[in-house]
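This document contains two forms of one protein chain, each encoded as structure tokens and listed individually as structure 1 and structure 2.
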Structure 1
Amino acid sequence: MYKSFLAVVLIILSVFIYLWQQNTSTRFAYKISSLRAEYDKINSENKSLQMKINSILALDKMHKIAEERNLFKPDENSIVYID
């Protein structure tokens, strides 16, 4: 009687441990998926901001080079459009 009771308790404990492990695994998978989505969003935003920074710096650099070479923006009367 004692051995059969011990076997039943052991089986129930094993099932409980298995279910706990599956539950924990599912929660971790969900958390990883959520964090990966957040990482992708932040990474995309970072790339976008880096492109904005680069474009601003490129314009500043171009303006500085134009000033160093005494280049200027032409007035509208001196622009010729070719069709």
Structure 2
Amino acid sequence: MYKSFLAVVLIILSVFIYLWQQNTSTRFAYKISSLRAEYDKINSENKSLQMKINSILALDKMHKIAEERNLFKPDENSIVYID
């Protein structure tokens, strides 16, 4: 009788462990998928911001800003090269 009871308990326990494992695996899969989507989104945003920075630092734009602020190229004689 005791052995039969133990067998039933073991079977039920195994079923529960299997179900718990499946459930955990699915939960993690959801989490991984959502984190991956977030990573892709952040990566994409990062790329977009990087392009905005590149666009702001474009040589032509910087040159125009320098001209607006009356900055000019130094005269050859005013440059001292340090070895």
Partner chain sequence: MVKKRSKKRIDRKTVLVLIILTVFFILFAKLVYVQIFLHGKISRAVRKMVNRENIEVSRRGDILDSKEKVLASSVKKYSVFLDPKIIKDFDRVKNVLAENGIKIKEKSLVELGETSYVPVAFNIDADVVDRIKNEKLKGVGFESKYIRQYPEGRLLAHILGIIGYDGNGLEGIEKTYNESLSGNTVMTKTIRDGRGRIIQSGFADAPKICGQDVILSIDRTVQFIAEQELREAFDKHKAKKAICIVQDPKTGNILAMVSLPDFDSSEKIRDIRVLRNSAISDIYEPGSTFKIVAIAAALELGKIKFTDSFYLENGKYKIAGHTIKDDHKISGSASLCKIMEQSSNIGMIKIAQKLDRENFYEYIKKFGFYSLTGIDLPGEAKGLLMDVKKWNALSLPTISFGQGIGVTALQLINAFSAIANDGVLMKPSLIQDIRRADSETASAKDAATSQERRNVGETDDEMTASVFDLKEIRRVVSVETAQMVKKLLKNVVDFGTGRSAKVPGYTTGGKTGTAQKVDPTIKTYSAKYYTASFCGMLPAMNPKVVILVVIDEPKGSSYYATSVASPVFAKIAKRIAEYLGIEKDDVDKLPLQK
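Rigid core (definition): largest C-alpha set, two forms, superposition within 1.5 Å. Predicted model, so just to flag it, every value in this text is computed and none were measured. Here, residue number means position along structure 1's sequence, counting from 1.
- Between the two renderings of this chain, the form predicted together with the partner chain is found in structure 2; structure 1 comes from elsewhere.
- With the core held fixed, the Cα of residue 62 is displaced between structures 1 and 2 by 2 Å or more.
- Taking the rigid core as fixed, one finds a CA shift for residue 72 of 2 Å or more between structures 1 and 2.
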